[in-house]
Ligand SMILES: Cc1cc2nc3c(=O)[nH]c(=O)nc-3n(C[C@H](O)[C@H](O)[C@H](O)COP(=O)(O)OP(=O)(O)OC[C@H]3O[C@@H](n4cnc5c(N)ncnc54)[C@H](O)[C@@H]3O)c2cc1C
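Below sits a lone chain in structure tokens, taken as the form predicted on its own.
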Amino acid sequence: MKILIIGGGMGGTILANNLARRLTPELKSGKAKITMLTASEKHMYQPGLLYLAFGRVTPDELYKDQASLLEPGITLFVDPAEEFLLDQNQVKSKSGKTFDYDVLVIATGSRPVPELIPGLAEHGQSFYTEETAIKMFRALQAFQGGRVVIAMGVPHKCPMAPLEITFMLHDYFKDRGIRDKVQLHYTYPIGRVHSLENVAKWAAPEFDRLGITVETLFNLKEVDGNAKLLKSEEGTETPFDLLISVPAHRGMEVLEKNKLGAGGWIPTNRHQLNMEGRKNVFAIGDTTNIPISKAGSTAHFEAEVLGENIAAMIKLGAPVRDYDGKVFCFIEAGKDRATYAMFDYLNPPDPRPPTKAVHWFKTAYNKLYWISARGLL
């Protein structure tokens, strides 16, 4: 069986390694083959971008060679997919190669699209790429006081990012001794401070305690950079001296070009993770249209389920597990305190009060990420 994995991020890497270990005899005998196509020879630890924006890590700490993270038996091509010929069970790459498959897994992730909001890319700071995180770091360093507005686009990657960036900004300005000169103003598109109700109930009092003002039902419409005004679809305006954004995301352009899903999101069965209408095409991580958090842990748990199921299809002839919607997210509540949210399709999150212990656990996980990417954690 030829297994073709498109994408070398968290989901694709964990899945490939999971399958390589489960299918060792089949790989040795030639009964199975695992091939990965990726766009870069480097693998980025994406959660580290948040720390890069505050100067707490350097760019080189975020990368490792993709090949070094893969188990023996996985064939890697740094040659991104260009054309999906699903009816022929083929994918064509950018270099012009054609790859046949029996099972296709698409794990291409998502991309920020601040350009969807006029003026946002030019006048806002964000941390979803190395370039913008460094730009934000420099803007924060130069900022001496004024009104800082945190603005959200939807949907976006990492559900806790809006809260984390706000708490971290509070501590950053406090450490610099200018918190009393900074007004932090948090906006959110719906009628509470977070989409998950229990998370919102936990975060709102924390914002009050820290003197962070909140404006809900604020959907970004445009940014007037000259007047330094943020305008909402609801007709309201809020001024800013520094604008920090969590921009809206879309699936990767190649999926939109191949018409695999509106907005680049692949229509995906929420339990079996197959593309709707396709029994041998699967999607995991940010790539899916499943209405759950686009987070590294989502990709991780989906990859484990799918790895077990693909191996079972080869060994037993049928999948053996359902994905239950499991997600686990750390929530940084400043520079040295954190909590977490754990939930699935049936059980909502219930965050506990932040502690230093959870923060250090998250810090340890940052160091263990590379072990996790190999599927060993």
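The structure presented is a predicted model; accordingly, all values stated were derived computationally and were not measured. Note that residue numbering follows the sequence shown and begins at 1.
The same protein also has a form predicted in complex with the ligand, omitted here; what follows describes it.
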| query | For the spot marked by Gly124, Ile150 and Leu220, is every residue within 4.5 Å of the ligand in the predicted complex through some heavy atom? | reply | no
| message | Does any part of Met10 reach within 4.5 Å of the ligand in the predicted complex? Heavy atoms only, please. | response | yes
| said: in the predicted complex, is there a heavy atom of the ligand that lies within 4.5 Å of any heavy atom of Leu260, even though the partner is absent here? | reply: no
| message | Is it the case that Gly325, even though its partner is missing from this view, gets within 4.5 Å of the ligand in the predicted complex, heavy atoms only? | response | no
| query | If you check in the predicted complex, is Ser245 within 4.5 Å of the ligand, heavy atoms only? | reply | no
| request: Just give me the single entry in Ile266, Ala295, Leu120, Val305 that has a non-hydrogen atom within 4.5 angstroms of the ligand in the predicted complex. | output: Ala295
| With the ligand left out of view, which of Leu104, Ala299, Ile290, Leu169 would have a heavy atom within 4.5 Å of it in the predicted complex? | Ala299
| query | Among 139-147, 226-234, 247-255, 266-274, which stretch has residues with heavy atoms no more than 4.5 Å from the ligand in the predicted complex? | reply | 247-255
| message | At 4.5 Å, heavy atom to heavy atom, what parts of 79-109 sit next to the ligand in the predicted complex? List them in sequence order, or say none. | response | Pro80, Ala81, Ala107, Thr108, Gly109
